[in-house]
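In the block that follows, a single chain appears as structure tokens, in the form predicted alone.
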Amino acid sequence: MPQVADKIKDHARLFNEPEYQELFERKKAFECGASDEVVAKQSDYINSWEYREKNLARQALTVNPAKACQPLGAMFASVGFEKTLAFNHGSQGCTAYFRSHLARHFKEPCAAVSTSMTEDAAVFGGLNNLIDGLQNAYTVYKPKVIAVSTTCIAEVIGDDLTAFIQNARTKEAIPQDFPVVKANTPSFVGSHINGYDALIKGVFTCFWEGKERGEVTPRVNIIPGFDGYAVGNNRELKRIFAEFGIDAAIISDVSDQFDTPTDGKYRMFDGGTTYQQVEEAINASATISMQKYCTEKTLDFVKEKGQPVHAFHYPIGIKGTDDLLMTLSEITGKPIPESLEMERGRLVDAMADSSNWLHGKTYSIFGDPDFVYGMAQFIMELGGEPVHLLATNGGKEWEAEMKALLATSPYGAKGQVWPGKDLWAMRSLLATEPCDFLIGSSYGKYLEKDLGIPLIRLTFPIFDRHHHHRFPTWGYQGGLRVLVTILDKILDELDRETMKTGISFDLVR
């Protein structure tokens, strides 16, 4: 065998050795697959306009959606609060999926427990599982709060979370006054952004219960929304608040939980928004959501308490950051610091320096509704032209907002908005109307492989690259980071092309 102890080969090289290639050929013969001619013919057909029309008309089947299910969002939001244990009322398999999804993106463990529902609980109900689970979680892990969310199985059989948690208190599985946040998050409707919304609203409901808004304090609540770049972005927000001199509380701050240091200490819980901050948040001057579609129900609840609210669409780039800073200035009465104005100027300068490489490039973008909006806005600021804009969890309101955004710039003329479509639909769109670059998550790499359109990884999840989440994408500094990411891919592709011909393979670009 080609693998030897003194020189271990990576699997990619190992499987290219003759022994493995021969093995693969035998496997193909054993499987009796279609001939190369048949495969080529079918490949041509699925790249055709005829197939595109049939694919886009598809309604009863979703293939590779650009979204995850609700409990994932609830778990993400849960771990952003101090000493809070995410508790999933459902099967172990579901919980393992949510944990691994977050761990593979952030390269950090995600503490969460499950009621381990199996066939008997599905038939007779999950009451006993939830009571035992709460008792074990409270006793073993000693959290400050337990945040319960549900999965398909608990929702389908109609488990009543409110009654079940009260039963657990009655049976002394947990103390009467121990706070348990609850959120109904059925996996078969909505997406992770709805689960995030439900859990944040659940936290406010739990800690604001029976309270009315009192004397207004000069503090601003910031809800980041479901964000794969939360480590870098939340820290960038804190830096901006410090520059401003603003007292602000980030509601669900996961930046420490998903970036724990290696210093010899084990931290099951790290950082997070304190519950004192949550309780005081009712009297804040205003609540700002960084992602409108992640916080619709939460903002409605906050408004009912009489607090002003503002919502943004993932503020990347110049206008997105301008709008955020001007809103902060308006709410607090503080002027925008000169230091941030200088950062704005530097970002504009960087955009101008590279405009010859950016101008006229075409991009397709997929991801959550707010991300696609913010990214498309920044692309047009860079002189790029959005082509296909797809959000599986986007609806008619998002579609209307996207079309209004595209209409604000001549660079938006080619833009087509695709709410509710999946990545298999995106494949047909790119095969028939290709663009220069694709922006999205790691799942876009299969489209890159199939169609040869380079992928720029800029949203959640990013499994096949490391540490992107540590760097911000929000604010002017974040905009600079996004600009460099896009530029690097453009210039890498140019080098790749010119390497083939030897013409214009230059050191200075």
Partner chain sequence: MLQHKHQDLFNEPACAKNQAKDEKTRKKGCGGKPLTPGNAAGGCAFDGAKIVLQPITDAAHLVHGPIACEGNSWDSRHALSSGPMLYRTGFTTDVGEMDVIYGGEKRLFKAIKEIIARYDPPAVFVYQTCVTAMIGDDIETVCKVAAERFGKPVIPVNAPGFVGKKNFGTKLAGEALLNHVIGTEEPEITTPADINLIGEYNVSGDLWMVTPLLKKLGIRLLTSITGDARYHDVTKAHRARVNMMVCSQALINVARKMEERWGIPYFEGSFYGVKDTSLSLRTIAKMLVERGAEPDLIARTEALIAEEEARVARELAPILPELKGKRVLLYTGGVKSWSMISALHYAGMVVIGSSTRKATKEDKARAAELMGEEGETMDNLPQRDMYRMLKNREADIMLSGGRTQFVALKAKTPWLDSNQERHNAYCGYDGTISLLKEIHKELTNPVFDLVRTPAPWEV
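Residue numbers count along the first chain shown, from 1. On a predicted model such as this, the values are computed, not experimentally measured, just so you know.
Below: the form predicted together with the partner chain, not depicted.
In the predicted bound form, the partner chain stays beyond 4.5 Å of every heavy atom belonging to P419.
Heavy atoms of G383 reach within 4.5 Å of the partner chain in the predicted bound form, making it an interface residue. Although the partner is absent from this view, N356 contacts the partner chain in the predicted bound form, with a non-hydrogen atom inside 4.5 angstroms.
Among heavy atoms of F178, none comes within 4.5 Å of the partner chain in the predicted bound form.
Only one of V189, M268, A413, A352 comes within 4.5 Å of the partner chain in the predicted bound form through a heavy atom, and that residue is A352. Residue-level contacts in the predicted bound form: of R104, R219, R344, K83, one residue has a heavy atom within 4.5 Å of the partner chain, and it is R344. In summary, the region of this chain contacting the partner chain in the predicted bound form, judged by heavy atoms within 4.5 Å and restricted to 324-332, 169-177, 227-235, 256-264, corresponds to 324-332. Taking the partner chain as it sits in the predicted bound form, the stretch 484-509 comes within 4.5 angstroms of it through a non-hydrogen atom at T501, G502, I503, S504, F505, D506, L507, V508, R509.
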